[in-house]
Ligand code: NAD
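One chain is shown next in structure tokens, namely the form predicted alone.
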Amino acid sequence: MYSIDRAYVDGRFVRPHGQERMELVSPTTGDAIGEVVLGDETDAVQAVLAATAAAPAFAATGRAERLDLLERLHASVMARSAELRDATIEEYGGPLARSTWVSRVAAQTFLDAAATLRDYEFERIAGRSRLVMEPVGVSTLITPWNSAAGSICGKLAMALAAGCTTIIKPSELSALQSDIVARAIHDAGLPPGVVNMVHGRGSVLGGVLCTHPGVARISFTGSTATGKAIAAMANESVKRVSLGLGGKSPTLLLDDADLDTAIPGAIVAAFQNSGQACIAGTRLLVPQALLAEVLARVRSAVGQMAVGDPADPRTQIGPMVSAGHFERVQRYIRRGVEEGATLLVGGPGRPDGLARGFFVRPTVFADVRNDMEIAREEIFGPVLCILAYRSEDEAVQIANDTPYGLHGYVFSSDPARADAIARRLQVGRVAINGMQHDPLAPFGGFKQSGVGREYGVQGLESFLETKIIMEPPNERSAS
């Protein structure tokens, strides 16, 4: 049984002031695997004070010092990648292949930030003035449960590259993974107060971390509803805020797509990370002329997906993260039936042979209209909606008819045609004919999928403020 009874503040592991104990539950079995002591407002204030005290010295560090720090963090997190992989499987239920990838990506984010930092110009000419980019200041990093280590490390890497001290508030559902990251951070030997981490509920810690006058910047990834609440709290003191929020990503299958590659690609897009992914392509748009063939192929492929023990290399779909989230996904599946969509495969209840744990049957609905709840709301589980269209214009209209705009996918045998469709989608990122990953390019959404960008130069600049220094003209320029 795990017992996580510590916060990381001012370079030390300390007992939290908070007293609430939350049970950690295996999503695979439903059994308790430990507990975490959750911090309270006092713990949040102590973390802010530590970050505030460390901020001036860290902001004054040079490029070389920050590059060295990022490289040490990469090595330290990489040394714990196997431990992170196993924790992701046990605590979150992430399938083995996905958990292995995430544990390595978490470490890689520090090298990606270093690559961006290495060539970045903090001072340059703007008109007749000097433009100087400075650290925004103490930054609160609030991270989700579906990609715990990767999100923590990705936000932290860019904050440190910019010269900002930080307070990390991870999801309480990822306490085991977050604690491993905290130990890796400690092992890297950062100056005290540069990185702080407090476990706790957003409803308890958020009021301090989003309103404290010592906090200048908030970076949040999570649900759109929570993001709106954070933005409202931060607005009172006009803090810098970036929000990585939800999605209802469309996958556009064009009529010239190679179905032998497009159908498997669309299924991977929809069911990645057991469907618990903000970028999941959960609306598959299909030409009416190809609909029958696509439905037959999707029914066959999804019906054969392996659901079960996430530690088994054959498993493609693991459990939902918690009992509450399992019930949420079940409600949406039942709602799809009530709305009149055709259940192509899957449906309510657990898969056969899996009486324990929070497993959901991979589910596909056909005959879906874009005004149905299952087509408009983020389910965050292994549920795919298939919608038919009759023209490219209609496909684009359906794809864009959503409050979200995070990600999109296009499959076509004509690169120029695919590119033209990608440019018409109201989303922050589009993948053509696959599941590409580019950690040096900025990531973020349109509309209610977020504000701002992470990764790449824009991700670095989200932790920087712009200062213009104007000097008097010399005698020659004045004459």
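Small disclaimer: the values here were computed from a predicted structure and weren't measured. Note that residue numbering begins at 1 and tracks the sequence as displayed.
This protein has a second form, the form predicted in complex with the ligand, left out of what is shown; the following refers to that one.
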{"query": "Partner contact for Leu245 in the predicted bound form: the ligand, 4.5 angstroms, heavy atom", "finding": "yes"}
{"query": "4.5 Å heavy atom contact, Glu90 to the ligand in the predicted bound form", "finding": "no"}
{"query": "4.5 Å heavy atom contact, Trp101 and the ligand in the predicted bound form", "finding": "no"}
{"query": "Partner proximity in the predicted bound form: Glu378 to the ligand, non-hydrogen atom cutoff 4.5 Å", "finding": "yes"}
{"query": "Interface residue in the predicted bound form among Gly265, Pro144, Gly347, Pro287, criterion: non-hydrogen atom within 4.5 angstroms of the ligand", "finding": "Pro144"}
{"query": "The ligand: the contacting residue among Ser223, Asn235, Gln397, Ser300 in the predicted bound form [heavy atom, 4.5 Å]", "finding": "Ser223"}
{"query": "Residue stretch of 164 to 172, 304 to 312, 122 to 130, 72 to 80 approaching the ligand in the predicted bound form, non-hydrogen atom distance within 4.5 Å", "finding": "164 to 172"}
{"query": "Triplet Gly34, Ile317 and Phe359 all within 4.5 Å of the ligand in the predicted bound form via a heavy atom", "finding": "no"}
{"query": "Residues of stretch 249 to 280 in contact with the ligand in the predicted bound form (4.5 Å, non-hydrogen atom)", "finding": "Cys278"}
